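Below are two forms of the same protein chain, given as structure tokens: structure 1, then structure 2.
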Structure 1
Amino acid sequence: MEKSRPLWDNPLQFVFACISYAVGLGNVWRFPYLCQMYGGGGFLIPYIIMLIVEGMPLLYLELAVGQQMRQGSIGAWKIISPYLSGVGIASVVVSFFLSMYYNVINAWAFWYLFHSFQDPLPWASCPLNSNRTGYDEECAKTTSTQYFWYRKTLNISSSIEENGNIQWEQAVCLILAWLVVYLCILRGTESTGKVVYITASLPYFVLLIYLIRGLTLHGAVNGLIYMFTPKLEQLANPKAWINAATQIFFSLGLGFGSLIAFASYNEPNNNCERHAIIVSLINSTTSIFASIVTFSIYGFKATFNYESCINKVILMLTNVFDLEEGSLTADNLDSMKNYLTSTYPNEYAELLPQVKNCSLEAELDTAVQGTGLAFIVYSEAIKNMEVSQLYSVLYFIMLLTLGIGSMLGNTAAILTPLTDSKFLSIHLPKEVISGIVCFINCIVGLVFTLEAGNYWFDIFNDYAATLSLLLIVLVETIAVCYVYGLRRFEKDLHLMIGHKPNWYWKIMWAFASPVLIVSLFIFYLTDYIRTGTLQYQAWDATEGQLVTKDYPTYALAVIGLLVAASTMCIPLTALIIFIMKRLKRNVDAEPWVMHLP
């Protein structure tokens, strides 16, 4: 008798699992950046439109497919059409690449978390140089938080060619991150179902604390005003729309196979339509909520830096001209500058290059995204708060729960097809398969702990998933609508949830989403072709800042391989299945041929 498929204990676990997977680091560090770049409050318009046109329909599609077929991604697409099992394989490959590099972020979060238990925080001040007469050279050129990230955490080399050694501290944190992930997925839905209660709810708890703290910080209002003043002229910029579409797409985690995997553990009559709407709405609301928090923190940091800049200028002028202490303040600075220019024109002229024009706008304009925002900007803001250790611990625990929640989805996307396949599940128990997958990922992930590891991380982050996912989701939509048949799919949904999907869903699935994805695809391709050679940001230790460099040929080859490995699965598998069927048909047909007179 076939073993029954494990199920979620209740629908709430499924919803929490989807939320925990979809709400990830991208909501915290990419959406605020996009808001800032593309018109502040005005960015919400393309974002919400894309959510309605693209996000919700595609999410519903994936959940319905998983729940209907009750198999992981490979099995599900095989049922729809045997030629399309390549889509499932491509999903697994992309998920594999993703889980390889994504857990490195969790390792970094662990590193910062462990270092938050010190007073003062290690990134609060620069270390001293060898003869203790001043601060370390590299740190003096840049800020102490950047120094802690680039030197103490990553120990980054100056280019991707210089690989350096494995940093044992990072390697050990990576191993710990994989052990934690293994602990959560060890028992399948039994353990994952309990863990997602925490990974889905804890981030909101911490975000709420940060919201209250952030809004009461000095200067937070500056950041919020800056973010929310809509610059509607950005709506005319096509990049705003493209980035909104891309953000919705990747934020929901479509195409990785995780949603199909999660939905396959549902009861057959689960109302996945309602859940799809709930999950996508919660995901977008969390993005907006997180960007409010981020911008109040931004405003605080920008105001703090602006005021330090002004104080430095005041101190310098006071010292050079031997004015009485306290005679120069932020308010009378401009009038005093004029006075000094007229009274001591020569000395002031000499001083002019050093007198910086401090500008709050310039501070707010420094947009940062990705790991820079999470680890540099936030740690810089935290070190200036009171009780910084507490806020630091809370923040990095939040990053960890967000990251581990997403990792649960990633590993589910890989493991569900593997445990579904009869071949593997007969010979090996579930725990061993999970262990092997975690172990392989961990070993490969050690590449990212080299001194040049962060550059390889950026390669994976930028190229492993982007193009391939667009192609996968496009094929998925076309497969369901045109290969499987929209009417058949409607009937299945009617059986599952009790009513047919209304015209909105059907139009989106059949026309709007495919058209949108094709246009995104064309845009990305033309963008890649137009920019010619690909470049990356390297850290220059002597200057204390990032410089742009070209990728060497072997790195470009790796990028090509990454994209090809997943996209080629689709046509290759179709071809192989076609050939196998042909051969089988020839073998079967022969006895008949011989009987013909």
Structure 2
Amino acid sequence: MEKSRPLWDNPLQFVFACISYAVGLGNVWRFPYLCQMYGGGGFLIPYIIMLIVEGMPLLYLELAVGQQMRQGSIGAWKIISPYLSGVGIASVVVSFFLSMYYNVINAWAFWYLFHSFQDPLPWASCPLNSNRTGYDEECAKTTSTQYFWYRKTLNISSSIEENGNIQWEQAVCLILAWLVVYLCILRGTESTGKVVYITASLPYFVLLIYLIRGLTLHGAVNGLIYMFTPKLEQLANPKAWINAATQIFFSLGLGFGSLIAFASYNEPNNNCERHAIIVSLINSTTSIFASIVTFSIYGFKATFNYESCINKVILMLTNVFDLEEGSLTADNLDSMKNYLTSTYPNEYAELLPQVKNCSLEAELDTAVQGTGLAFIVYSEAIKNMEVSQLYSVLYFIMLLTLGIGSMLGNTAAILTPLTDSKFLSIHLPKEVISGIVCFINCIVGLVFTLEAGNYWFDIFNDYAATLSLLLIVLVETIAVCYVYGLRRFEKDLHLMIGHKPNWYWKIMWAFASPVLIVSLFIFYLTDYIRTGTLQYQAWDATEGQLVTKDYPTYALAVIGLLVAASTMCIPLTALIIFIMKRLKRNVDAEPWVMHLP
């Protein structure tokens, strides 16, 4: 007798699982960056439009497919058409690539969390050199937070061609991260369903604490004014719209198969329409909420750096020109510079290269995303807070819960199709299948703990999913609307939720969303072609800064393989099934041919 499919304990557990998966690191470290780059509050206009045109409809579509077919991504698309099995396989491959490198972020978060209990924080100041006569040479040329990230955490090499050795501290943290993920997914929905209550709610608790603290920081208002001042001219910039669409697309986790996997454990009459709206709105609201927190931190950091710069200039001018103590202030600095230039032209001209041009606007304009925001900018702000250890522990616990929550979805996208397979489920228990997947990912993930590991991390982060996911979701919408049939899909939804989808959903599925995805696909394809030789940012220890280098040939080959490995699953699987059906038809026809006179 076939085992019944596991179910979520209640609809709320499913919603929490979706929120835990969708609300991830991108909400904290990419959305604020996009606001900063594309018009502050003005960026919300294209973002909300893309949420309506693309985010909610595609999320609803994936949840409905999973709930109706009651299978993981491979099985669900195979039911719609055997020729579409490759869509599910492509989703599993992309999720496998994502799991390989994404858990490295959790390893870094563990590393920083463990170091957060030190007083003072290890990234608060530069270490002394071997002679103890001054600061370490590399750290002196950069900042203490950058030094701790690039040298103490990554021990990064000068290029991708210098792989170096595995960093055992990072390797231990990675093994720990995978052990935590394994314990969370050990018993499928039974264990995941309990964990998501924590991973979905704890980040909001920490963000709320940071919001209260952030708003009380000196200079926080400067960051919030910067965020909420709309630069409407950016609405004419196509990249603002492209990035808004991309952020919605990847933030909701479309195309990975995770949402289909989660929905497959629902009751057949679950209202997936309502849940699609709730999850997408909570995800977008969280992005805006996280941006308010981030920009209050930005404002504090920018104001702190600006005032430090001003004080250094004041101290230098006071000492060099023997000015009276207190005569030079931030308010009269510009007029005093003009006075010193006219009174002591030669001396001031000689000193000019050392006099920094301090600007609050320039500090606020410094846009950072990804690991740079999460592990450098935030840690720099935290070190200047009172009770910095407490805020550091809270922050990295939040990063961990966001990262682990997303990993639950990533692993579900891989494990659900595997456990749905009768061959595997008969021979291996669920716990063993989960263990094998985690073990393989952990072993491959050790590549990212090499001295050049961060460069390989960037390759996977930039190229493993973008084009593949766009193609996957495009085929999904075409498959549902034109292969399975929109009218047939309407009837399925009527049976599931009690009413047919209205005109908005149907227009988005059949026309608006596919056109938008094709536009994004063309943009990224032409952008890659126009870029020419692909480049990356390498850390130059002698200068204490990032420099741009060209990827070597073998790295370009890996990028090509990453893109091809998932995208080619769709046409190749369809071709193999077509050939197998033709061969079967020929074999079935042979006995009849033999009996013909």
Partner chain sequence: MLGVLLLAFSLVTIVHAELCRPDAQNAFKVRLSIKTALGDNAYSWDASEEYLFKAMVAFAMRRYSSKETTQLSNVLLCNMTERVSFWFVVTDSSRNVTTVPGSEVEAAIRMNRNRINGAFLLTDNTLQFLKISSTLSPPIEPNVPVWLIVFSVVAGLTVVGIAFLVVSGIWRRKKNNESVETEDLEDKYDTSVTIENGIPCDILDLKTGQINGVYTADDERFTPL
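Because the structure is predicted, anything quoted here is derived from the model rather than measured. By convention here, residues take numbers in order along the sequence of structure 1, the first being 1. For clarity, a rigid core is taken as the largest C-alpha set superposing within 1.5 Å between two forms.
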| item | value |
| --- | --- |
| Structure that is the form predicted together with the partner chain (1 or 2) | 1 |
| Core superposition between structures 1 and 2, C-alpha change of Pro353 at least 2 Å | no |
| Is_shifted Leu323 between structures 1 and 2 (CA, 2 Å cut-off, rigid core) | yes |
